[in-house]
Structures are given as C-alpha cells and as structure tokens.
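In the form predicted alone, a lone chain appears below as structure tokens.
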C-alpha cells in the first residue's frame, strides 16, 4: 500500500513538472509571438527594440532593460556599443543613477557586460554585479539596488548589430535555457534590422546621387520646400540657395577621361561637405542654443551642386559660406597621376529678404513669385542665373541674384575683415562715462565703453558688436576692454585711494558659456592690480535665455573673485522678472528708454519707481542710464534712485578727459 502511494506521488509530481514545463513553453512561445508580431507591424528599429525590452522585462519580471547599438569608432575604426534612450524600466526613481551612468558610457570590445557580448557574439550572464571585475557600472548598480544581469546580441549575419541587457534586484544564477531563448529572440530581431536596412538602402538610392552619395535633385527639392514653408511661418527665418558649378570641368573629362572626371566630382563633393560641416563659426553665432535644420549639399547632375543654408542672420552669411567653399578647393586634387586645380562659380539666392532676380527675356507672367509665394523652382532658377553671371564676370567668384544684396553683403564682409584685424592688433580704445551719486552729485565710478577707430572716425558699439558676436570675436573684445579698464582703475585707485571708484564693463551673454571666463577674469585682476571689489561686470537679460543653472554657477564663481555683478538694460529683455531672485546680482541698471519718458508721462515714472522698489526689496542698488536733463535727475532722486549716468553729466570720454573730470571733482571737494 505504501509503495502504491509513493508511486502515485511520483506520478503526480512528474505530471506537475510536465505541466509547469508546458506552461513555461507556452509563455516562451507567447513571448516569441509577441515580439514577432511587433516586428512585422513596425518599420522602426527603435520601436521594435523598445517593444522587445518591454516584453522580455515583463516575461522575466526584471525591472531594468536597455538597448545598445553597435557602430564604428570614428578614430580607431573598431566596433563599439553606444547607449540609446531605449529602456524598459519598471519605475524610474530607484534606477536614476544607473540610467544616467549607462547613457554616459560607450563600451569597447570586451569591456563590461555589453562589451563581452560584442567580443564573441554570445550571451553573457553576471550572477553578482558587485563582485564582477569587469562591470564598471557596479557602484551605480549597487546604489540603484541592482544585483545581477545578463545581455544577449542581436545578430545580422555574423555581425553584432545591437546588444540588449537586463538587470534584476537580487543575485540570480545563470540560466542556460533562458540564454538560449534570448539567443533565438536576438536572431529574430536581427532579421527585422536586416530588412529595415534593406528598405533604408532602397530609399537612400531613390533620394541620393549614385556617384557621390549626396542628396539628389529630388531630395534637395523636398528640403527646399520645407525651408520655404518654415520661412512662410517665420519671416525672420533667412535661408539661401547656393548654385555651385565647377569651372572648366569639361577640360578634365576630355583630357583625363570620364572615370577621372567622376573621381573629381566625388572628391569635390567631399571637400564641399567638409567645409559645410565646419562652418558653425563662419555663418552662425557661437553658443547658439536654438536648434536649426542641417545644411544640405546636393548634386543635381554633371558638375552642378546645390546647397541649402538655413538659420542665417543676414545675406552676408551666405557669402561667407560661399567663400569658405571656394577656399577649401584651393589645394589641387591628385587625379589620374596629375594635379588638377579646381575653381567654382557660385550663385546665391536668399529668402525671405531681397528682391527676386528677373530672368532676361522673360514675360511678366514668367517672373519669379514674390517671397510669400516662392517655389523651389523659383529659387533654384534665381541661384542658377546668379551662377551664370559669376561665370560671365570671369569665373571663380560668387554673385547674388540681387545686385543690391551683393553690395550689402560685401560691405558687411569687409567690415568683419577689418574687425578681425582690429582684434588681432588690439586697436580698440575705451571711453569712460561717469556714474554719479544722485544725493551728492559726485562721481562714484565709470562705465567703460568700447570704441573702434576706423577710417578717421570712431565706430560706435551698435555698429559692430553684433558682427563681432556672429564672427566669434566678442570674447576677445570684451577681455581687451576689461583689461584696459582694470588697468585704468588701478591707476585711479593709486591717485585717489579714498574715492573708492568703481569701473563697470559689459560681458556678452556668449561669454558666460565659456568655461575659461572665470580664469581669464582672475588673470586680468591679478595682472592689473585692480581692486576686485571695485570692478563691476554687466550682463543683459538675454543671458538668462540659455541654461539658467549654468549661468548662475558662472556668476557665483565670478562673485567669488570679489567683483560685483549688474543686470544691464533691465526691463527690456524676456525673462528676468521670473529669474531675478535666483541671480547673484548687486546692481540693477534701469534702461535709458524708461528714463527718457520721466519728464513726459506718469507711466514712465511709475515704471521706474517699480524697478527702484524691486531693487530695494531684493537688496540691490539701482543705477539709472540715459539721464539727459536736470528734470530726469531730480525725478530719479525723488523716486529714491541712488546712482545715475548720462549726457546730463558727461558723454563717454577718453581716459585723459575722465581723469580731468576726477581731478576737477576732487579739487572742488
């Protein structure tokens, strides 16, 4: 009887094991079917990988999964795995440190868990992350509560295309059956990636030139259509079309043969593309924070290339890029054993600014449409005609469709060239405008203002600061002014030690994104001997439009040097009211546009009084700019303002005259 009961128990246990095995197999089949179904219904690799991570994470009840993509390292050429934003997370908060660490790391062959998979194309398991010698993320995993993990490859043929990894919150023994299942899933996902690559290849061939690999006429036309639509929504969105034609290309074809001509076209395209990718400081401001579409270089056929430039500030930007394109072609090409020198003629058409370029002999009905109704064909025709004008004027040159715009662009470019020379030679001078105590009518300091001697006169900052910013020169000008001003302050401090005069200089918002700034300011203070507590750096409200936390940290480091910080032109910017209490400021400067109305309307008085009260409540000093009359000064004094500057007291003057103002003031005292 006992033997019979034991046999029944063994049979029941065996049946239970078989049922569990059947259930597990069913779950595995459901997992495979889920992934297969998702893969067949989606044409996005990212969507397929995300769905696979979710399905596998749910199947395992493991809280963390992540996908890597394989690519070649640009420098070494070796394969490596780069992180993606594709995750499975049961919840976010406990795993934040691990996630941030993962997204900051790439893995070479053999490095870490994913690197092992990349090395041999086989799944890998780590039973205890904390005790594994080859798991560099161990501290972050431990702090996030992760204890074990495994990874498996997604294979395309013999190539590791992706690696998927998963992590559990407890130590887990290696499960060979699970790794075999993951291997099957990896093969399945590999077929999806291979199919996607094939479809992308077909799409690429339909939209790209077969010889050079550049976008073709069809793709260029599509991108130009989108640029026109963006400009229709934003009339300040300036863009340009450049039509580039190789001069005397037929000579190369006829003398060296068509294969040599094809090779030359490929290599010219490569040089043009390299110039476009490195033109950030040529045609756009440094530190630009707003995203913009990428420039597009296309080959239309033969020796004709077109370029779409977007996010320009002025037509001269297009000319700067065109001249850069010509400069990269100065070095000869070695083709078929011979040095071949290449020049190009470039025609430029811009929108939305500028007039359209009429076609010679065209009827009125054939004329290009006005900017609001411009078509891609209009712009390409205008750029083409400008290119032919460049050819007719001697080749190897750039021409605008609009001759007036050509003149304007050349003038702007000449001004920038002179500005660069002035920076190199240190030709800027500094004028000083006194800052007065409204209660005592005495000089308490000066604002240092840059002036540029050019062509027998002085160029005011408004005429060149914008160009200096666009050309990436503003930080050098700012530092030259600060050095000169600090040197002058040190001299005044020695001559009038009891005066406690301050010196104020301006900092461009783009200065504040430069990591070297604080060290440069410290170096100037040390070199000139200027008392840091008497130096004031002025920023504008536009500085708050970038990364506010980064700005605050930079300002705090500047304050740590002992200097004071001022918000210039307060009230004319965008967002300072909401951020003002967070900025480590000492002074608010009331913009001259508000001061100008003090003797004309009550509204200006209320506005200025509000700013003064705000400054007082925040523990800041208020300084009014643009004081032009005795009435302005009296009103500001009555409103409780303590400091002022403007032509009522003195215009900005050279250092000698500023020193004379001081001598007169202290002699009278």
Ligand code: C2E
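Positions refer to the first chain, counted from 1. Keep in mind the model is a prediction, meaning the values are calculated, not measured.
Below, we turn to the form predicted in complex with the named molecule, even though it does not appear here.
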>> Only one of 209, 165, 447, 470 gets a heavy atom within 4.5 Å of the named molecule in the predicted bound form. Which one?
In response: 447
>> Can you pick out, from 308, 214, 481, 530, the residue that has a heavy atom within 4.5 Å of the named molecule in the predicted bound form?
In response: 481
> Heavy atoms within 4.5 Å of the named molecule in the predicted bound form: which of the stretches 379 to 387, 483 to 491, 326 to 334, 459 to 467 has them?
Replying inline: 459 to 467
> How about residue 556: is it within 4.5 Å of the named molecule in the predicted bound form, going by heavy atoms?
Replying inline: no
> How about residue 592: is it within 4.5 Å of the named molecule in the predicted bound form, going by heavy atoms?
Replying inline: yes
>> Is residue 436 near the named molecule? Define near as a heavy atom within 4.5 Å, in the predicted bound form.
In response: no
>> in the predicted bound form, does residue 568 come within 4.5 Å of the named molecule, counting heavy atoms only?
In response: yes
> Which residues within 98 to 119 place at least one heavy atom within 4.5 Å of the named molecule in the predicted bound form?
Replying inline: none
